[in-house]
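Consider the single chain below, provided in structure tokens and representing the form predicted alone.
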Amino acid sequence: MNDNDKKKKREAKAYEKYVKNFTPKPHYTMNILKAFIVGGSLCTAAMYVQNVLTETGVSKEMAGNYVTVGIVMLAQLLTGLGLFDSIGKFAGAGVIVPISGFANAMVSTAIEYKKEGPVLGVGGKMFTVAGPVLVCGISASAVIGIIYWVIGVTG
């Protein structure tokens, strides 16, 4: 190794040490606790609503569907009002469960690109987020359906 390479390595190590001094350290325990409390509270509230609907005569399956749609609508509303990001910064993974996080991603993308028009802006950009999720979901469903069919035919 020549002197120039050694000098570059020393500079890189010095810079890395300098950056470590200013990089905020994450508070893992507190983040986990907040995510657990907020996520658990949301799930508890969703189960409460589902149980209330079930007790009023709605089938358990339909009550689950209503709760799912309600969570998506609430996430969309909070995103539109600009509140979802604040809640997400506090609660982290506790609020960004797949369905509410997906709804937030769709709406925030649509809001961001609305200036480009309803088709190329909102529609086009919104489905760049949804596209991979839909492709994976539909592909997985097709594969599972084929496996189920093969098991049914041969079983």
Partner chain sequence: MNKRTFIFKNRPEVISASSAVGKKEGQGPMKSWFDMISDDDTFGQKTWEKAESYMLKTTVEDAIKKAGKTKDEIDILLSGDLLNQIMSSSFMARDVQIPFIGLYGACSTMTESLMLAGVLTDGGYCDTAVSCASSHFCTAERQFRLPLEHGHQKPPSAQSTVTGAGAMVISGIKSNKCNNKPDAFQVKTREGNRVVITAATAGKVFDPGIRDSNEMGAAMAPAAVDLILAHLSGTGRTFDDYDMIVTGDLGFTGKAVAADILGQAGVTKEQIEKKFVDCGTLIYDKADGFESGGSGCGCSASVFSGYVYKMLQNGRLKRVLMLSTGAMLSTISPFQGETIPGIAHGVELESEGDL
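Note that the coordinates shown come from a computational prediction; the quantities given were computed from them, not determined experimentally. Residue numbers count along the first chain shown, from 1.
The same protein also has a form predicted together with the partner chain, omitted here; what follows describes it.
Interface residue remark: Val135 is not counted as part of the site for the partner chain in the predicted bound form, having no heavy atom within 4.5 Å.
When the partner chain is considered in the predicted bound form, Asn31 lines it closely, a heavy atom lying within 4.5 Å. Contact annotation for Gly57: none of its heavy atoms lies within 4.5 Å of the partner chain in the predicted bound form.
Although the partner is absent from this view, Ala91 contacts the partner chain in the predicted bound form, with a non-hydrogen atom inside 4.5 angstroms. Interface residues of 21-49, taken as those with a heavy atom within 4.5 Å of the partner chain in the predicted bound form (partner not displayed): Phe22, Thr23, Pro24, Lys25, Pro26, His27, Asn31, in sequence order.
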